[in-house]
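Just one chain is shown here, as structure tokens, and it is the form predicted on its own.
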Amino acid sequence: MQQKNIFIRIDDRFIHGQVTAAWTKKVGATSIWVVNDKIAGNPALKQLQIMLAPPGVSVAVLKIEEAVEKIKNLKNNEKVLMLFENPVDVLAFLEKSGVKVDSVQLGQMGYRAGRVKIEKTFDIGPEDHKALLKLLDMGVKLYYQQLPDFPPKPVDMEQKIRSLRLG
């Protein structure tokens, strides 16, 4: 099922300051879904995400399986900003839900051992790379954009990701 009323952003900071508020406004989101098994399973982290939400926007903190169920009941007049920690979780959500999207925005994934930088604020490891390749094979456009006030970086992300050689 093609889903036009969701906007998927990979940002390992999840709900945070002006960036989330700006993206919520830019995409006209009526709600934010933080989709992450670890945060959804930790009451303190879950509550923190809810407290950080911009005023007037509802927040759901969901495990991937819960998001798969919740998307089935999404109404046409709802618009959701979905925040994921990494492409592995995005791929799991899309495969399990059957939802099809045109694009996924790459926002922020910080450096960790074993990751390589593909953009200023976006580092990936081998599992992330495999997931991004699979998303590309599914016809999902990937683009890098930090802030809504600046256009997406004019980089052929598909070529860049396909040419990477990671473990």
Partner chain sequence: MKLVLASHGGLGCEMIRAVAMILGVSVLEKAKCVELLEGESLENYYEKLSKSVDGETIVLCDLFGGTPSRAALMLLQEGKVKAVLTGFNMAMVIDLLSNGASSAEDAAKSARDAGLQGIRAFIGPSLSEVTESPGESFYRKNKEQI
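Positions refer to the first chain, counted from 1. Here the structure is a predicted model, which is why all the values come from computation and not from measurement.
Heads up, the form predicted together with its partner chain isn't pictured, but that's what we're talking about next.
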Residue among Leu52, Ile64, Ala60, Val99 with a heavy atom within 4.5 Å of its partner chain in the model of the complex: Leu52
Counting only non-hydrogen atoms, which stretch in 39-47, 64-72, 22-30, 136-144 is within 4.5 Å of its partner chain in the model of the complex? 39-47
Taking heavy atoms and a 4.5 Å cut-off, does Gly17 contact its partner chain in the model of the complex? yes
Is Arg13 a contact residue for its partner chain in the model of the complex, using a 4.5 Å heavy atom cut-off? yes
